[in-house]
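Presented as C-alpha coordinates, the chain that follows is alone, the form predicted alone.
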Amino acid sequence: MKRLNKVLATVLASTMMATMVAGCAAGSGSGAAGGSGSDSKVIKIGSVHPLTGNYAYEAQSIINSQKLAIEEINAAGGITSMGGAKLELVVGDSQASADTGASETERLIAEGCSILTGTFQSGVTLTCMQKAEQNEVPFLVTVSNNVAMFENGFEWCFRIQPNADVFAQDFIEYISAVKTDDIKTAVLIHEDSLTGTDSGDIISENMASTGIELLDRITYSASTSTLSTEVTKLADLKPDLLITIGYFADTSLLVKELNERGIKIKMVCGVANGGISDSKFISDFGDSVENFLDLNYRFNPNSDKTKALLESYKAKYSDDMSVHAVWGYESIYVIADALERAGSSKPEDVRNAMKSTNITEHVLAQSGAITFDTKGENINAAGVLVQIQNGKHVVVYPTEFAESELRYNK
(Lines give C-alpha, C1' and ligand atoms only; values in the text may rest on other atoms or scores of the structure.)
Protein backbone atom coordinates (compact mmCIF):
# COMPACT_ATOMS: atom_id res chain seq x y z
CA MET A 1 0.00 0.00 0.00
CA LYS A 2 3.01 2.29 0.35
CA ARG A 3 3.24 2.61 -3.42
CA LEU A 4 -0.43 3.49 -3.64
CA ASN A 5 -0.19 6.07 -0.85
CA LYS A 6 2.74 7.83 -2.54
CA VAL A 7 0.87 8.14 -5.80
CA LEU A 8 -2.36 9.20 -4.13
CA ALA A 9 -0.61 11.98 -2.25
CA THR A 10 0.18 13.51 -5.62
CA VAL A 11 -3.26 12.85 -7.03
CA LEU A 12 -5.05 14.60 -4.15
CA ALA A 13 -3.47 17.87 -5.22
CA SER A 14 -4.76 17.55 -8.75
CA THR A 15 -8.15 15.84 -8.43
CA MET A 16 -10.04 19.11 -8.82
CA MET A 17 -9.24 18.84 -12.54
CA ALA A 18 -9.72 15.09 -12.85
CA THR A 19 -12.59 13.57 -14.82
CA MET A 20 -14.85 10.98 -13.27
CA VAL A 21 -14.21 7.61 -14.86
CA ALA A 22 -15.91 5.21 -12.48
CA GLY A 23 -19.48 4.27 -13.34
CA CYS A 24 -22.08 1.64 -12.81
CA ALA A 25 -21.61 -0.65 -15.79
CA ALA A 26 -22.34 -4.35 -15.97
CA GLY A 27 -19.54 -6.85 -16.36
CA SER A 28 -18.50 -10.47 -16.06
CA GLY A 29 -17.84 -12.45 -12.92
CA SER A 30 -19.92 -14.60 -10.60
CA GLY A 31 -21.30 -13.31 -7.34
CA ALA A 32 -21.89 -15.74 -4.48
CA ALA A 33 -18.75 -17.39 -3.18
CA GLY A 34 -16.76 -16.09 -6.09
CA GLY A 35 -17.01 -12.49 -7.22
CA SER A 36 -14.65 -11.08 -9.80
CA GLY A 37 -11.53 -13.11 -10.48
CA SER A 38 -8.04 -11.95 -9.61
CA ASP A 39 -7.25 -11.38 -13.29
CA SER A 40 -10.11 -8.91 -13.72
CA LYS A 41 -9.12 -5.46 -14.99
CA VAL A 42 -12.25 -3.97 -13.41
CA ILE A 43 -13.04 -4.59 -9.76
CA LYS A 44 -16.64 -3.95 -8.80
CA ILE A 45 -17.50 -2.45 -5.43
CA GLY A 46 -21.17 -2.57 -4.42
CA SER A 47 -22.78 0.33 -2.56
CA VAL A 48 -26.27 -0.04 -1.05
CA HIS A 49 -27.76 3.16 0.39
CA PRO A 50 -31.24 4.78 0.70
CA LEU A 51 -31.21 6.96 -2.42
CA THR A 52 -34.97 7.55 -2.24
CA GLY A 53 -36.94 8.64 0.82
CA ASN A 54 -36.08 10.68 3.91
CA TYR A 55 -32.39 9.77 3.87
CA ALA A 56 -31.68 10.41 0.20
CA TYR A 57 -29.65 13.58 0.82
CA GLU A 58 -27.24 11.85 3.20
CA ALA A 59 -27.07 8.72 1.06
CA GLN A 60 -26.23 10.63 -2.11
CA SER A 61 -23.39 12.40 -0.33
CA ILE A 62 -21.93 9.01 0.60
CA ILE A 63 -22.20 7.81 -3.00
CA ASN A 64 -20.59 11.02 -4.25
CA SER A 65 -17.66 10.60 -1.90
CA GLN A 66 -17.15 7.00 -2.96
CA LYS A 67 -17.10 8.05 -6.60
CA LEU A 68 -14.55 10.73 -5.80
CA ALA A 69 -12.28 8.23 -4.03
CA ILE A 70 -12.57 5.80 -6.94
CA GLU A 71 -11.73 8.58 -9.37
CA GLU A 72 -8.58 9.38 -7.39
CA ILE A 73 -7.45 5.77 -7.15
CA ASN A 74 -8.08 5.04 -10.83
CA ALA A 75 -6.32 8.23 -11.90
CA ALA A 76 -3.34 7.18 -9.77
CA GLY A 77 -2.99 3.93 -11.68
CA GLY A 78 -5.54 1.68 -10.02
CA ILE A 79 -4.53 -1.37 -8.00
CA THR A 80 -0.86 -1.75 -8.92
CA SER A 81 -0.46 -5.26 -7.54
CA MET A 82 -3.14 -6.34 -10.03
CA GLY A 83 -1.62 -4.67 -13.06
CA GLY A 84 -3.43 -1.38 -12.63
CA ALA A 85 -6.93 -2.85 -12.27
CA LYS A 86 -9.58 -0.13 -12.05
CA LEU A 87 -12.34 0.21 -9.46
CA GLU A 88 -15.99 0.55 -10.44
CA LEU A 89 -18.89 1.51 -8.17
CA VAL A 90 -22.13 -0.42 -8.63
CA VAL A 91 -24.96 1.33 -6.79
CA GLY A 92 -28.04 -0.16 -5.16
CA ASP A 93 -30.97 1.77 -3.66
CA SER A 94 -32.26 0.26 -0.41
CA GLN A 95 -35.19 2.71 -0.41
CA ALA A 96 -34.76 2.77 3.39
CA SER A 97 -36.20 -0.78 3.48
CA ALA A 98 -34.49 -3.85 4.96
CA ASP A 99 -36.17 -6.15 2.42
CA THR A 100 -35.17 -3.94 -0.51
CA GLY A 101 -31.66 -3.57 0.86
CA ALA A 102 -31.35 -7.35 1.06
CA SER A 103 -32.53 -7.84 -2.52
CA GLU A 104 -30.20 -5.10 -3.76
CA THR A 105 -27.33 -6.76 -1.93
CA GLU A 106 -28.08 -10.04 -3.66
CA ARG A 107 -28.28 -8.26 -7.02
CA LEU A 108 -24.88 -6.64 -6.56
CA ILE A 109 -23.34 -9.95 -5.55
CA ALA A 110 -24.85 -11.57 -8.65
CA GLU A 111 -23.36 -8.78 -10.76
CA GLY A 112 -19.89 -9.71 -9.55
CA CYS A 113 -19.10 -7.23 -6.79
CA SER A 114 -16.01 -8.34 -4.88
CA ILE A 115 -16.93 -6.33 -1.79
CA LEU A 116 -20.01 -4.44 -0.58
CA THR A 117 -20.55 -1.22 1.37
CA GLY A 118 -23.56 0.34 3.09
CA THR A 119 -26.10 1.26 4.23
CA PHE A 120 -26.73 4.24 6.55
CA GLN A 121 -29.58 2.71 8.60
CA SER A 122 -28.62 0.09 11.16
CA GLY A 123 -31.67 -2.12 10.62
CA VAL A 124 -31.10 -2.20 6.87
CA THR A 125 -27.36 -2.64 7.30
CA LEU A 126 -27.80 -5.71 9.47
CA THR A 127 -30.00 -7.40 6.86
CA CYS A 128 -27.49 -6.61 4.11
CA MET A 129 -24.63 -7.89 6.26
CA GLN A 130 -26.49 -11.17 6.74
CA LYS A 131 -26.85 -11.56 2.97
CA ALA A 132 -23.16 -10.80 2.46
CA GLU A 133 -22.21 -13.29 5.16
CA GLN A 134 -24.40 -16.01 3.62
CA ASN A 135 -22.78 -15.44 0.21
CA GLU A 136 -19.26 -15.07 1.65
CA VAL A 137 -18.64 -11.63 0.23
CA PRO A 138 -16.93 -8.94 2.40
CA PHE A 139 -19.13 -6.11 3.67
CA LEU A 140 -17.66 -2.81 4.89
CA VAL A 141 -20.11 -0.60 6.79
CA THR A 142 -20.04 3.03 5.71
CA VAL A 143 -22.49 4.51 8.23
CA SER A 144 -24.44 2.50 10.85
CA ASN A 145 -23.61 2.42 14.54
CA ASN A 146 -25.72 -0.37 16.07
CA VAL A 147 -23.59 -2.43 18.44
CA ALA A 148 -25.44 -5.76 18.24
CA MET A 149 -24.82 -6.26 14.52
CA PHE A 150 -21.17 -6.95 15.28
CA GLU A 151 -21.96 -9.36 18.11
CA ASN A 152 -23.16 -12.08 15.73
CA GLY A 153 -19.79 -13.66 15.04
CA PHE A 154 -19.75 -12.54 11.40
CA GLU A 155 -16.55 -13.37 9.55
CA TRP A 156 -17.05 -11.20 6.47
CA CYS A 157 -18.11 -7.83 7.94
CA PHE A 158 -16.14 -4.76 9.03
CA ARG A 159 -16.87 -1.23 10.29
CA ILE A 160 -14.64 1.87 10.38
CA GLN A 161 -16.89 4.27 12.30
CA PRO A 162 -17.47 4.31 16.08
CA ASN A 163 -20.43 2.24 17.23
CA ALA A 164 -23.28 3.51 19.40
CA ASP A 165 -21.54 2.47 22.62
CA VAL A 166 -18.44 4.48 21.71
CA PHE A 167 -20.53 7.54 20.79
CA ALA A 168 -22.49 7.43 24.04
CA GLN A 169 -19.44 6.79 26.20
CA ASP A 170 -17.55 9.62 24.52
CA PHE A 171 -20.55 11.90 25.04
CA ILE A 172 -20.63 11.16 28.77
CA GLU A 173 -16.89 11.77 29.07
CA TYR A 174 -16.81 14.93 26.95
CA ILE A 175 -19.91 16.61 28.37
CA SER A 176 -18.54 16.04 31.87
CA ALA A 177 -15.36 17.85 30.82
CA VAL A 178 -16.94 20.87 29.10
CA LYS A 179 -20.18 21.57 30.99
CA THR A 180 -20.49 24.72 33.08
CA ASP A 181 -21.98 24.99 36.57
CA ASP A 182 -25.29 26.33 35.23
CA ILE A 183 -25.95 23.15 33.22
CA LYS A 184 -27.88 21.23 35.87
CA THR A 185 -30.71 19.46 34.02
CA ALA A 186 -31.13 17.69 30.70
CA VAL A 187 -33.74 16.08 28.45
CA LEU A 188 -32.84 13.32 25.99
CA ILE A 189 -34.93 13.20 22.81
CA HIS A 190 -34.24 10.61 20.12
CA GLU A 191 -35.66 8.58 17.25
CA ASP A 192 -36.63 5.06 18.31
CA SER A 193 -34.73 2.87 15.84
CA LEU A 194 -31.70 0.76 16.77
CA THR A 195 -29.46 3.78 16.25
CA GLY A 196 -31.25 6.07 18.68
CA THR A 197 -32.11 3.41 21.22
CA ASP A 198 -28.58 2.02 21.60
CA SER A 199 -26.98 5.36 22.42
CA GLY A 200 -30.03 6.48 24.37
CA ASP A 201 -29.79 3.51 26.72
CA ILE A 202 -26.16 4.17 27.62
CA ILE A 203 -26.70 7.91 28.07
CA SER A 204 -29.72 7.31 30.32
CA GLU A 205 -27.82 4.79 32.43
CA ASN A 206 -24.74 7.00 32.87
CA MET A 207 -26.07 10.56 32.87
CA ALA A 208 -25.91 10.83 36.65
CA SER A 209 -22.12 10.48 36.50
CA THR A 210 -21.92 13.82 34.69
CA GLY A 211 -23.57 15.68 37.57
CA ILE A 212 -26.49 16.62 35.31
CA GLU A 213 -30.00 15.44 36.18
CA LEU A 214 -31.85 13.71 33.33
CA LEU A 215 -35.43 14.95 33.57
CA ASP A 216 -36.94 12.80 30.83
CA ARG A 217 -36.26 10.62 27.81
CA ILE A 218 -38.57 11.35 24.87
CA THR A 219 -38.71 9.04 21.85
CA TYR A 220 -40.31 9.28 18.42
CA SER A 221 -40.28 7.58 15.02
CA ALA A 222 -37.64 8.89 12.62
CA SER A 223 -40.28 8.91 9.86
CA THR A 224 -42.58 11.23 11.82
CA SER A 225 -44.02 14.29 10.09
CA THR A 226 -44.32 16.35 13.27
CA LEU A 227 -42.68 16.67 16.67
CA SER A 228 -45.27 19.04 18.11
CA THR A 229 -46.24 16.82 21.08
CA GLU A 230 -42.64 16.03 21.92
CA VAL A 231 -41.60 19.69 21.85
CA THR A 232 -44.55 20.64 24.06
CA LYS A 233 -43.32 18.17 26.68
CA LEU A 234 -39.78 19.47 26.24
CA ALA A 235 -40.88 23.08 26.72
CA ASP A 236 -42.66 22.21 29.96
CA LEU A 237 -39.53 20.58 31.38
CA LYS A 238 -37.26 23.59 30.59
CA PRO A 239 -33.93 21.72 30.57
CA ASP A 240 -30.55 23.44 30.55
CA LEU A 241 -29.21 20.80 28.14
CA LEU A 242 -31.04 19.20 25.22
CA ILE A 243 -29.49 15.93 24.00
CA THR A 244 -30.75 14.85 20.60
CA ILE A 245 -30.11 11.70 18.57
CA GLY A 246 -31.62 11.66 15.08
CA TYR A 247 -31.25 11.99 11.34
CA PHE A 248 -31.35 15.08 9.16
CA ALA A 249 -35.10 15.16 8.45
CA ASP A 250 -36.35 14.58 12.01
CA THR A 251 -33.77 16.88 13.60
CA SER A 252 -34.89 19.57 11.17
CA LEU A 253 -38.47 19.08 12.37
CA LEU A 254 -37.27 19.46 15.96
CA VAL A 255 -35.46 22.73 15.27
CA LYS A 256 -38.41 24.13 13.28
CA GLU A 257 -40.69 23.51 16.27
CA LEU A 258 -38.22 25.10 18.67
CA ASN A 259 -37.83 28.16 16.45
CA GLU A 260 -41.54 28.62 15.80
CA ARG A 261 -42.24 28.57 19.52
CA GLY A 262 -39.25 30.72 20.42
CA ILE A 263 -37.87 28.08 22.77
CA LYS A 264 -34.29 28.80 23.86
CA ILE A 265 -32.04 26.23 25.54
CA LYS A 266 -28.66 26.93 27.12
CA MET A 267 -26.92 24.02 25.43
CA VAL A 268 -28.00 21.72 22.60
CA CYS A 269 -25.84 18.68 21.93
CA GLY A 270 -26.46 15.91 19.45
CA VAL A 271 -25.02 12.43 19.68
CA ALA A 272 -24.13 11.11 16.22
CA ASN A 273 -26.80 13.48 14.96
CA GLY A 274 -27.31 13.35 11.19
CA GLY A 275 -28.60 16.92 11.12
CA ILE A 276 -26.43 19.04 13.37
CA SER A 277 -23.16 17.85 11.82
CA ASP A 278 -24.34 18.49 8.25
CA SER A 279 -23.53 21.73 6.42
CA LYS A 280 -27.04 21.84 4.91
CA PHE A 281 -28.41 22.07 8.44
CA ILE A 282 -26.54 25.35 8.89
CA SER A 283 -27.72 26.78 5.57
CA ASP A 284 -31.31 25.79 6.39
CA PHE A 285 -31.42 27.25 9.90
CA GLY A 286 -28.73 29.94 10.02
CA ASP A 287 -28.17 31.80 13.27
CA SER A 288 -30.82 29.80 15.13
CA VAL A 289 -28.43 26.83 15.38
CA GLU A 290 -25.34 28.84 16.28
CA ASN A 291 -23.39 27.11 19.09
CA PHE A 292 -25.22 23.79 18.65
CA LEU A 293 -22.93 20.87 19.50
CA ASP A 294 -22.73 17.33 18.19
CA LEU A 295 -20.69 14.38 19.39
CA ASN A 296 -19.93 12.68 16.11
CA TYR A 297 -17.34 11.09 13.89
CA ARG A 298 -15.40 13.68 11.98
CA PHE A 299 -12.48 14.21 9.66
CA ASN A 300 -9.24 15.47 11.16
CA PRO A 301 -9.46 19.25 10.55
CA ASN A 302 -5.75 19.77 11.13
CA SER A 303 -4.66 17.40 8.35
CA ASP A 304 -3.43 18.74 5.00
CA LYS A 305 -4.88 15.61 3.40
CA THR A 306 -8.30 16.52 4.80
CA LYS A 307 -8.08 20.08 3.54
CA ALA A 308 -7.27 18.88 0.02
CA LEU A 309 -10.16 16.43 0.15
CA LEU A 310 -12.71 19.04 1.23
CA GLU A 311 -11.61 21.37 -1.55
CA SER A 312 -11.79 18.58 -4.10
CA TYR A 313 -15.28 17.51 -3.04
CA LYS A 314 -16.53 21.11 -3.07
CA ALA A 315 -15.14 21.69 -6.55
CA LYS A 316 -16.71 18.52 -7.92
CA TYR A 317 -20.15 18.62 -6.32
CA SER A 318 -20.61 22.33 -5.49
CA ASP A 319 -21.42 21.35 -1.92
CA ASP A 320 -19.60 20.98 1.36
CA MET A 321 -18.59 17.42 2.17
CA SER A 322 -20.87 15.97 4.84
CA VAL A 323 -19.57 14.03 7.80
CA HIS A 324 -21.25 10.91 6.39
CA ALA A 325 -19.52 11.41 3.08
CA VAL A 326 -16.12 11.22 4.75
CA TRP A 327 -16.88 7.67 5.83
CA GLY A 328 -17.99 6.73 2.34
CA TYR A 329 -14.74 8.17 1.02
CA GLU A 330 -12.53 6.40 3.54
CA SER A 331 -14.32 3.10 2.97
CA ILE A 332 -13.05 3.02 -0.61
CA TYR A 333 -9.47 3.60 0.52
CA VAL A 334 -9.73 0.80 3.06
CA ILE A 335 -10.96 -1.48 0.27
CA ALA A 336 -8.20 -0.33 -2.10
CA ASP A 337 -5.62 -1.02 0.59
CA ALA A 338 -6.95 -4.56 1.05
CA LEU A 339 -7.00 -5.19 -2.69
CA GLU A 340 -3.46 -3.89 -3.07
CA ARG A 341 -2.15 -6.19 -0.35
CA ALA A 342 -4.21 -9.17 -1.48
CA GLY A 343 -3.19 -8.84 -5.12
CA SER A 344 -6.56 -10.39 -5.86
CA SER A 345 -10.23 -9.40 -5.98
CA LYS A 346 -11.52 -12.82 -4.93
CA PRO A 347 -13.81 -12.23 -1.95
CA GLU A 348 -11.95 -14.59 0.37
CA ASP A 349 -8.61 -12.95 -0.42
CA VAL A 350 -10.09 -9.49 0.13
CA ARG A 351 -11.64 -10.58 3.44
CA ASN A 352 -8.35 -11.99 4.68
CA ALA A 353 -6.51 -8.79 3.72
CA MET A 354 -9.14 -6.66 5.45
CA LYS A 355 -8.47 -8.50 8.70
CA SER A 356 -4.87 -7.27 8.71
CA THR A 357 -5.69 -3.64 7.81
CA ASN A 358 -3.39 -1.07 9.42
CA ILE A 359 -3.84 2.31 7.72
CA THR A 360 -2.02 5.17 9.40
CA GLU A 361 -2.57 7.74 6.64
CA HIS A 362 -6.24 8.64 6.76
CA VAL A 363 -8.49 11.69 7.18
CA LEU A 364 -10.35 10.59 10.32
CA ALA A 365 -10.33 12.34 13.69
CA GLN A 366 -9.14 9.32 15.62
CA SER A 367 -5.91 8.60 17.42
CA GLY A 368 -4.12 5.75 15.71
CA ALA A 369 -4.50 3.61 12.64
CA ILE A 370 -7.59 2.13 11.06
CA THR A 371 -7.33 -1.49 12.16
CA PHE A 372 -9.95 -4.11 12.96
CA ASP A 373 -10.44 -6.36 15.98
CA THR A 374 -11.67 -9.94 15.77
CA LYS A 375 -15.28 -8.72 15.50
CA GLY A 376 -14.46 -6.45 12.55
CA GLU A 377 -14.64 -3.18 14.53
CA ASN A 378 -12.13 -0.36 14.10
CA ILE A 379 -10.41 -0.44 17.49
CA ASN A 380 -9.35 3.24 17.36
CA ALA A 381 -12.70 4.67 16.28
CA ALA A 382 -13.75 7.71 18.31
CA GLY A 383 -16.00 10.73 18.26
CA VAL A 384 -15.24 14.42 18.72
CA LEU A 385 -17.32 17.39 19.83
CA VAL A 386 -18.23 19.58 16.89
CA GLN A 387 -19.79 23.01 17.32
CA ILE A 388 -21.46 25.39 14.89
CA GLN A 389 -19.53 28.67 15.12
CA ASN A 390 -20.04 31.60 12.75
CA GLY A 391 -21.94 29.39 10.36
CA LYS A 392 -19.29 26.66 10.20
CA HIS A 393 -18.57 23.36 11.89
CA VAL A 394 -15.46 23.35 14.06
CA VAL A 395 -14.04 20.70 16.37
CA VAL A 396 -13.84 21.97 19.95
CA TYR A 397 -12.92 18.82 21.89
CA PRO A 398 -10.72 16.82 22.49
CA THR A 399 -7.89 19.31 22.27
CA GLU A 400 -5.87 16.99 19.99
CA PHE A 401 -8.25 17.81 17.14
CA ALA A 402 -9.68 21.15 18.31
CA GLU A 403 -9.87 24.08 15.90
CA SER A 404 -11.47 26.50 18.34
CA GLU A 405 -12.52 26.82 21.98
CA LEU A 406 -16.07 25.82 22.89
CA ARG A 407 -18.54 28.71 23.01
CA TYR A 408 -21.38 28.94 25.50
CA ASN A 409 -24.76 30.63 25.07
CA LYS A 410 -25.19 33.64 27.32
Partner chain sequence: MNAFFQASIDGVLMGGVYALAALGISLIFGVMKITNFAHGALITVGMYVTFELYVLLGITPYVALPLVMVTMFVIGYLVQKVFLNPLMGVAGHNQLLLTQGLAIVIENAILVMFSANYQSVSVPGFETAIRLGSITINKPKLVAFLFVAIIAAGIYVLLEKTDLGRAIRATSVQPEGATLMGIVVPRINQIAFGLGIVCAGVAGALLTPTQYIYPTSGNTYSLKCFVIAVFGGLGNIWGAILAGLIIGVVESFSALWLGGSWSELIVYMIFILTLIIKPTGLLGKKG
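Numbering follows the first chain given and starts at 1. All values reported here derive from a predicted model rather than from experimental measurement.
The same protein has a further form, the form predicted in complex with its partner chain, not shown here; the description that follows concerns it.
With respect to its partner chain in the model of the complex, the three residues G53, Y57 and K280 uniformly fall within 4.5 angstroms at the level of their nearest heavy atom.
In the model of the complex, its partner chain sits within 4.5 Å of a heavy atom belonging to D236. Under a 4.5 angstroms non-hydrogen atom cutoff, its partner chain in the model of the complex has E260 among its neighbouring residues.
Interface membership of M207, defined by any non-hydrogen atom within 4.5 Å of its partner chain in the model of the complex, is ruled out.
Its partner chain in the model of the complex comes within 4.5 Å of a heavy atom belonging to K256. Among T306, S103, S252, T80, the residue placing a heavy atom within 4.5 Å of its partner chain in the model of the complex is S252.
Note on contacts: among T180, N152, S225, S288, the single residue with a heavy atom within 4.5 Å of its partner chain in the model of the complex is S225.
Stretch 57-65 is the contacting one of 376-384, 349-357, 362-370, 57-65, since its residues have non-hydrogen atoms within 4.5 Å of its partner chain in the model of the complex.
Along 189-213, one residue reaches a heavy atom to within 4.5 Å of its partner chain in the model of the complex: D192.
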